[in-house]
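Just the one chain here, the form predicted alone, laid out as structure tokens.
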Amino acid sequence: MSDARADGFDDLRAAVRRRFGASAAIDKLSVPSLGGSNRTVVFDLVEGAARRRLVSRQETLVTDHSPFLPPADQFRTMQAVYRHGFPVPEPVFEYDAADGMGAGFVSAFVEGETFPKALVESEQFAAVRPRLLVQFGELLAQLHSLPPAEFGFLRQWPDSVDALQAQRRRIDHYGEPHPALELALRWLERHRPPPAPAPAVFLHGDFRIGNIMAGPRGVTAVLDWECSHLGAPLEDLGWLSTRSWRFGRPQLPVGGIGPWQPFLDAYRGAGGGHADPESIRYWQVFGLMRWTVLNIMQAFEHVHRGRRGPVFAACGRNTALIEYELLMTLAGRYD
């Protein structure tokens, strides 16, 4: 993380004082060096002798075809899962029009590691990884058991209505030739699972290494709720286990952390439904297709919309890498 100049954050200072009083101050501001989809600032809220570490997130991508929930719905989602005791940073307040900062919100800061290579490879987490594998299953089962009615505001989101068609519309919007995606879409349409007898469940939508914060005892928080929607529970399992999120450990399907069985046993033991690698494979293909679309979007914004940055530019190259993994998965070369 790099230090940020306090004089660049008068808007944040004013928003804090509107809610906590004129004597409230902000201190120790920093801007995370990773993650480019939002303007993120970490800071101390100072009230007299009391200090609290907080995180501000502001939306930077505004488009009719954004796959990301509006910040207001992200905030409502976090409030709902927080009420159920799920490990999510506590939502503190949402920005409004009077702040003049656009859409966004502030949440509590949680200590932990999110850097993927550290979690999947470092000796520091060697003893923790077996526990993470179990916790991933338990946490997803907990999420999928939450009352869908509490997330009714997500019901009309395109990914909740029909996740596959939502991706098709996004691909068509960008108007780029991607034969690998057309092949994947056709395969997904032909192999679509039959409609589930039970109602759609609440999904995190981006539950993976990189969005899961861990410490010496395991998971400390699950971050980034901007892709949450209602759908089939195996979608979350497939996303976590795509090769893109194994970070150089392809032989370990569950996020590069470990094998299937402990994870699936924990998922079922915590109340999740039946899941096996074969039934999850459909959603791995779907996940790779969706991840390709997200990279197309970021590269398009860089080239055509002035949302410049090396991370966004690299997404154009990343698209081809994901398409390769997608084709190899379709061919049965990858599990």
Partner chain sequence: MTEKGYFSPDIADLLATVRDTLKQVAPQLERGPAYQLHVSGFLLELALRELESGDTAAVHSQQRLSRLLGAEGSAVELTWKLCRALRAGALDARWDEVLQVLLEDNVERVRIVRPDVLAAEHRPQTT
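Residue numbers count along the first chain shown, from 1. Owing to the predicted nature of the structure, the values given are computational and were not obtained by experimental measurement.
What comes next is about the form predicted in complex with its partner chain, which does not appear here.
**Q** Consider the chain as shown here, without its partner, and state which of 168, 129, 249, 76 has a heavy atom within 4.5 Å of its partner chain in the model of the complex.
**A** In short, 168.
**Q** Since exactly one of 159, 94, 113, 226 fits, which has a heavy atom within 4.5 Å of its partner chain in the model of the complex?
**A** Selected option: 113.
**Q** Wondering, does residue 101 line up within 4.5 Å of its partner chain in the model of the complex on heavy atoms?
**A** No, residue 101 stays farther than 4.5 Å from its partner chain in the model of the complex.
**Q** Is residue 24 one of the residues lying within 4.5 Å of its partner chain in the model of the complex, judged by heavy atom distances?
**A** Because no heavy atom of residue 24 falls inside 4.5 Å of its partner chain in the model of the complex, the answer is no.
**Q** If you check in the model of the complex, is residue 123 within 4.5 Å of its partner chain, heavy atoms only?
**A** It does not: once its partner chain is placed as it appears in the model of the complex, residue 123 has no heavy atom within 4.5 Å of it.
**Q** Would you classify residue 310 as touching its partner chain in the model of the complex, given a 4.5 Å non-hydrogen atom cut-off?
**A** Yes, residue 310 sits close enough to its partner chain in the model of the complex that at least one of its heavy atoms falls within 4.5 Å.
**Q** So, 187, 190 and 317: all three within 4.5 Å of its partner chain in the model of the complex by heavy atoms, or not?
**A** Yes, all three are in contact.
**Q** Report the stretch among 179-187, 210-218, 138-146, 228-236 that approaches its partner chain in the model of the complex to within 4.5 Å, counting heavy atoms only.
**A** Looking at the partner contacts, the answer comes out as 179-187.
**Q** Output the sequence-ordered list of residues from 319-335 with at least one heavy atom within 4.5 Å of its partner chain in the model of the complex.
**A** Contacting residues: 320, 321, 323, 324, 327, 328, 330, 331, 333, 334.
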